[in-house]
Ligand SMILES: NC(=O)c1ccc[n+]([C@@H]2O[C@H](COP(=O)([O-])OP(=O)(O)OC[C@H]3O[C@@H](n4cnc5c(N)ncnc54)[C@H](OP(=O)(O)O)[C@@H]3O)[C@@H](O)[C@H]2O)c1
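Presented below, as C-alpha cells, is a lone chain in the form predicted on its own.
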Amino acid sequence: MGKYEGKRVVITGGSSGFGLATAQLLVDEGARVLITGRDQAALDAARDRLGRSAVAVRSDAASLPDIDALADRVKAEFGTVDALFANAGVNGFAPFEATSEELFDQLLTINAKGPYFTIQKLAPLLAEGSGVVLTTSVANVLGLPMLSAYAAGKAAVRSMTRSLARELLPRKIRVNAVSPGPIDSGILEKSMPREAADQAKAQMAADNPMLRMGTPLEVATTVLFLAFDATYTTGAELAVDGGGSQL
C-alpha cells in the first residue's frame, strides 16, 4: 500500500513544474489527483503521464466562473478533499518604471486573487485535518530587480497563508506555504530565448549558496511534507531555495 493510498488531492497549475512533480509523487503512492491548467495540450500530456489516477481539468485561476466550475467538478469527482495545493501562477519580468497596468493586473489576479478564491470555493470540500499549501516565492522577502509586481503578489499570498490558517483552524485545516527559490522547472525557457535562459540559470546557480538550482522534485517533497506530515504546523512558509533567502 502506498503512503498516500486513498487520499484525494487537488493541484492547481498541475500540468507542469512543481505541480506536476507533486502529482506524480502522489499517484505513485496511491493517491487520486485532480490537476488544473490553462493549456489543454499540456493538461492532456500530464494526464497521460499520470495515468488513470489523475483527472485533468482546464481551469483559469484568473476566472471566478472557472473556479466555481472547478469546485463543482471536484465535488463530483472526489466528494471531499484531503489536500489542496494552490499552485497556479505566472511570472512576469519588467523594470518598475516600465511595468504596465496590464502586467500588474495579470500578476496580481492570477498569483493572489486566484489562490484566495480557489481556497474559498474549495474550503467546504476540505476534510477535517486536511492540509492546504500555497506557492509563494523568495521574491516576497528579497528586493529583486524586474520583479516588483510579481513579488507584491507573492507577498500577498504569504500574508493570506497566515490569515487563512487562522480562519480555517476551527475545522482543523492547516494552511502553509512553500517558497521556492531558483528552481529549474522549465519556466525560463518558456519566457525567454534558450540562450538567455541558459545564461540566467548559470547566473542563478553561481549566486546561490549551494551553487546550483533546485529541482521540481525538491519542491514537491516539501509540499507533501506540509500537506500531510507537518501536523503541528500552520501559517508557516518553508523556503526551498538552497539557502538563498536565509544566508
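Numbers follow the displayed sequence, beginning with 1. None of the values given here were measured: they were computed from a predicted structure.
What follows is about the form predicted together with the ligand, which we do not show.
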Checklist entry - Among 47-55, 24-32, 60-68, 195-203, which stretch has residues with heavy atoms no more than 4.5 Å from the ligand in the predicted bound form? => result 60-68
Checklist entry - Heavy atoms within 4.5 Å of the ligand in the predicted bound form: does I110 have any? => result yes
Next on the checklist: So in the predicted bound form, is the ligand close enough to A88 to count as touching (4.5 Å, heavy atoms)?
Outcome noted: yes
Next on the checklist: I'd like to check something about E218: if you look in the predicted bound form, is any of its heavy atoms closer than or equal to 4.5 Å to a heavy atom of the ligand?
Outcome noted: no
Checklist entry - At the 4.5 Å heavy atom threshold, is M210 in contact with the ligand in the predicted bound form? => result no
Item to check | Site check G131, S163 and N176: each within 4.5 Å of the ligand in the predicted bound form by heavy atom | outcome: no
Checklist entry - Hey, which residues along 165-186 are within 4.5 angstroms of the ligand in the predicted bound form, non-hydrogen atoms only? => result P180, G181, P182, I183, S185
